[in-house]
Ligand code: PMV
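There is one chain below, alone, in structure tokens, taken in the form predicted on its own.
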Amino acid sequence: MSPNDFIYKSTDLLPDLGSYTSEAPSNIALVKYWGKYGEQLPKNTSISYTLENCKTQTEVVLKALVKPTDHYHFDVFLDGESKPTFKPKIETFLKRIEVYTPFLKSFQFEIHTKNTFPHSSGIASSASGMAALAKCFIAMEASINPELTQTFQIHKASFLARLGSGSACRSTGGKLVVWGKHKDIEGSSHFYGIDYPDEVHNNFRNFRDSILLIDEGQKQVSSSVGHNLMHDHPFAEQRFQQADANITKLKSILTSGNFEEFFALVESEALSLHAMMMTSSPYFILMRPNTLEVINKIWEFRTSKKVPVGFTLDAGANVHILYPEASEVKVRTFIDEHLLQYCQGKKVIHDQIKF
């Protein structure tokens, strides 16, 4: 599907007043997206696990009809409290998707949102937040046109979410999601995420993700700023080539079930992301001393105990510990006894990925 396929066709119809709800989970990338062009298009293909419990729940309430203008008429609430500081980012999103959801300008509406994970917990809420909001808008369109196929709705929700936050397109559906056109992934697209279409060994199903909250503070650099630093980065092209090559390697690993190769690739991807930030201009070190302590402890535990476990990182200090369900007792004990001391307030969030 192309962007033209998602242009709103029912121009004379409006959704009914009332409430439209949805929810969308957070995701954690195995192969990272870092660098974009055009209107939120990725410079390389990425693939992510979708978390089961860390999610955003959103309700959009269409309150009253208004005469359409150049502005949107809406208010935003987080956990029941008004959040006017959220409005500029959402308004930018709404303007980007206007041709795909023009009916929104005909309403006064409220956006009510909440997360199942703590605010400032180190889990990026922009992906799940924009994905949940996009799914609400698709629910409105589907109420007008019940003939829309499920596949169309899934793809359009992902397409819209991408225009709010790039990685949000990987949070609208599926458990292992690919975003970005890749020669080895059938059906892949720069415009929306798709369910990974190929074989996944049982070793990589029912995975666990324990998120160690090393630093709950605001990120030193926003994702948007970080992506923009890739435009003039001396190693950008090599990084994009590395990521796309890793997609091909991961495809083979997911079939074979090889834990050692899986964790080597996923950890390399995490460290490559941080290496790009450390070698940009201006440069940033997003890890903290305790991040490195945790990484070294994981490596020692994996080697000494022969337990399949590894880590990945987002663009921040917190550590995602990935491991199969079969290792849960051993890894959780290891976390409690050896890693909690490195977490701010001894906080950890345990989540899972189920196929």
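Note that residue numbering begins at 1 and tracks the sequence as displayed. On a predicted model such as this, the values are computed, not experimentally measured, just so you know.
Omitted from view is the form predicted together with the named molecule, to which the following refers.
Contact with the named molecule in the model of the complex, defined as a heavy atom within 4.5 Å, holds for exactly one of 29, 317, 60, 298, namely 29. For the candidate set 246, 188, 280, 126, a heavy atom within 4.5 Å of the named molecule in the model of the complex is found for exactly one residue, namely 126.
Shown alone, this chain has one stretch from 289-297, 31-39, 51-59, 317-325 that lies within 4.5 Å of the named molecule in the model of the complex by heavy atoms: 31-39. Not displayed here, the named molecule is approached by residue 166 to within 4.5 Å at the level of heavy atoms in the model of the complex. The closest heavy atom approach of residue 265 to the named molecule in the model of the complex falls outside 4.5 Å. The named molecule is not shown here, but in the model of the complex it comes within 4.5 Å of a heavy atom of residue 227.
Although the partner is absent from this view, residue 113 stays clear of the named molecule in the model of the complex, with no non-hydrogen atom inside 4.5 angstroms. Residues from 143-161 do not approach the named molecule in the model of the complex: none has a non-hydrogen atom within 4.5 Å of it.
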